[in-house]
Each structure stands twice: as structure tokens, then as C-alpha cells.
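Here we start with a single chain on its own, the form predicted on its own, put down as C-alpha cells.
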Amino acid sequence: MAQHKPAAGPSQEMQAFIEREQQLAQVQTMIATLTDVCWDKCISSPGSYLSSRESSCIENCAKRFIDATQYILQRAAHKAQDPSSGF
């Protein structure tokens, strides 16, 4: 009787799919956080449209949030490559 050996792990295709889904989830989480942070900072009283001040505030807030996130990710990647270098 022939025995079937179970697969050693997920296929490369499945691993790539899982990685894409994880990246998508991270992006969605970042967008939700960005929305919460910038909304709370910039919108004083919701209305049917954004004032120019609110629009400008949201734009600047989003840019700063993205810049800060990229900086943190770059520092973390650098730290992972060279654990002896402190933050």
C-alpha cells in the first residue's frame, strides 16, 4: 500500500498569496489609523463639505503620517539588518 507524504508546507503560490493578503491588511490598517488620527485632528464639526482649512489640514496630516510611517519602517528594517546599531 502506497503512503502519501503530506506536503512540507504551503506552496510558493500560496505563500505569495498569503504575503499579498498580509500586506493588504497592513495597508488597510494604516489607512484606518490615518483616517482616525487626521479626522480627530482636523475636523472640528462635520458638515456636508470640508472647509479649505480642514482640507489643507487633512492633506498635511496625511503627508506627515505617511512620512513618519515610512521613516519608522526604514529604521526598523535597518535595525533588523544591523542589530548592533541602536535606534
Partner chain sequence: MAFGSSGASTSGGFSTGAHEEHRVMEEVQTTLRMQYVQEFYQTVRDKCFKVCVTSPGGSLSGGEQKCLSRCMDRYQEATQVVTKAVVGMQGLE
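Only the largest set of C-alpha atoms that superpose within 1.5 Å between the two forms is called the rigid core. Residue numbers count along the first chain shown, from 1. Being a predicted model, the structure only gives us computed values, none of them experimental.
Beyond what is shown, the protein has a form predicted in complex with the partner chain; the following relates to that form.
In the predicted bound form, the partner chain stays beyond 4.5 Å of every heavy atom belonging to Tyr71. Using a 4.5 Å cutoff between non-hydrogen atoms, Met14 counts as a contact of the partner chain in the predicted bound form.
Using a 4.5 angstroms limit between non-hydrogen atoms, His78 is distant from the partner chain in the predicted bound form. The shortest heavy atom separation between Asp67 and the partner chain in the predicted bound form is within 4.5 Å. Once the cores line up, the CA of Ile66 ends up 2 angstroms or more apart between this form and the one not shown.
Arg53 shows a C-alpha shift of 2 Å or greater between this form and the one not shown [criterion: core-superposed Cα displacement of 2 Å].
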